[in-house]
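One chain follows as structure tokens, the form predicted on its own.
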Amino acid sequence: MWEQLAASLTDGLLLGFVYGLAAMGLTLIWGVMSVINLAHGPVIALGMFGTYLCFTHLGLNPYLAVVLVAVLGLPLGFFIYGVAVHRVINAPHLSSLLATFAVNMIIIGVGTAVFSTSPQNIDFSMGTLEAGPLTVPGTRLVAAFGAVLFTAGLYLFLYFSRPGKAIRAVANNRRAAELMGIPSSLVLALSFGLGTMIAAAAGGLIATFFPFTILSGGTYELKSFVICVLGGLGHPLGALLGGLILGGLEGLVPTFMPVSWVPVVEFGLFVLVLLVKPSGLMGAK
């Protein structure tokens, strides 16, 4: 019993790192721009298909493909921001919701026409690691390590680079940042680009161990909302902590009850956090 619990918890926590990375893109955009990005899920799905295409057609190692997909996610984010978000950035929240939802539907529609809705998978093995009673797939370990690397890179960028400090300044007080000479429009575009890049990278990592379709991103978008609220909206490290908690729950719940109860527990936790601590574990008051 204890061995099964340890194995399930380990598996869930490794998955939680990738969940946290996926939510990080969503929470970064919200924290800087106060925009709820409903195109987040389809961007994750694009990351999955981008990694798959690089692996199957270009013969790239899938983890190198994830890096390439992340790099391409940055200009994609700039494009989405310029076309759909920039015009409604100061409008009521409903406008940005509708704008990003339109992008969501466009990506799903085009993706369905190009890729269909048949499941795909990346047939790539990294072996297994055995540590006592635990047997951990190598792909999970590498994906968790990749998520930590992306998180560390984002943290270093935000706190030790000039553009990162500008992003934090705009997130804290956009008007004051503009008065200090920071071009807020460029900073907002960069923030949306970074959020899109991180979402695409998370999708690529998820594709290395789960089958996927163009509709798969919706599941991870919903998980990202739960994680963002749990960790604290606008706090990237809070997203990682929330991802670990959610992943741990996904690992433990099926050992005590049917797997169909997992979403019930997840969204029950979502409602509980909203009622008890709506700022999240690491969010501002």
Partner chain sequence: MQAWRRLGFWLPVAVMFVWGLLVLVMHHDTVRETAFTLFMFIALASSLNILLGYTGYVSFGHIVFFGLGGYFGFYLLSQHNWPLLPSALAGGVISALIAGLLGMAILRLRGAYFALATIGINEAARAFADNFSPFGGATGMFIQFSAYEPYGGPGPALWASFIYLWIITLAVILVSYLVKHSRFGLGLLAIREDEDAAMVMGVKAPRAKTIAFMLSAVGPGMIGTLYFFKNGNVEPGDAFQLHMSIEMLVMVMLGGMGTVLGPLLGAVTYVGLRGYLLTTPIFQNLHLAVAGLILLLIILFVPAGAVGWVRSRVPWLRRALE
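Residue numbers count along the first chain shown, from 1. Since the structure is predicted, the reported quantities are computational estimates derived from the model, not experimental observations.
The same protein also exists as the form predicted together with its partner chain; that form is not shown, yet it is the one meant from here on.
Asker: I'd like to check something about Ala113: if you look in the model of the complex, is any of its heavy atoms closer than or equal to 4.5 Å to a heavy atom of its partner chain?
Answerer: Heavy-atom contact with its partner chain at 4.5 Å: present for Ala113.
Asker: Just checking whether Trp30 would be counted as a contact of its partner chain in the model of the complex - the rule being heavy atoms within 4.5 angstroms.
Answerer: Flag for Trp30 set to yes.
Asker: Against its partner chain in the model of the complex, would Leu76 count as a contact residue? Criterion: heavy atoms within 4.5 Å.
Answerer: No, Leu76 is distant from the partner.
Asker: Going by a heavy atom distance of 4.5 Å, is Ser95 a contact of its partner chain in the model of the complex?
Answerer: Yes, Ser95 sits close enough to its partner chain in the model of the complex that at least one of its heavy atoms falls within 4.5 Å.
Asker: Quick check: do Trp261, Phe270 and Pro278 each get a heavy atom within 4.5 Å of its partner chain in the model of the complex?
Answerer: Verified in the model of the complex; spot residues all in contact, yes.
Asker: Exactly one of Leu53, Leu60, Val67, Leu222 has a non-hydrogen atom within 4.5 Å of its partner chain in the model of the complex; which residue is it?
Answerer: The residue from Leu53, Leu60, Val67, Leu222 that makes the contact is Leu222.
Asker: Looking at Val142, Ala177, Val88, Leu158, which is the one with a non-hydrogen atom within 4.5 Å of its partner chain in the model of the complex?
Answerer: Filtering the options by heavy-atom distance leaves Val88.
Asker: From the candidate stretches 196 to 204, 80 to 88, 160 to 168, 179 to 187, select the single one in contact with its partner chain in the model of the complex, where contact means a heavy atom within 4.5 Å.
Answerer: It is the stretch 80 to 88.
Asker: May I ask you to list the residues of 98 to 133 that have any heavy atom within 4.5 angstroms of its partner chain in the model of the complex, in sequence order?
Answerer: The stretch touches the partner through Leu98, Ala99, Phe101, Ala102, Met105, Ile106, Ile108, Gly109, Val110, Ala113.
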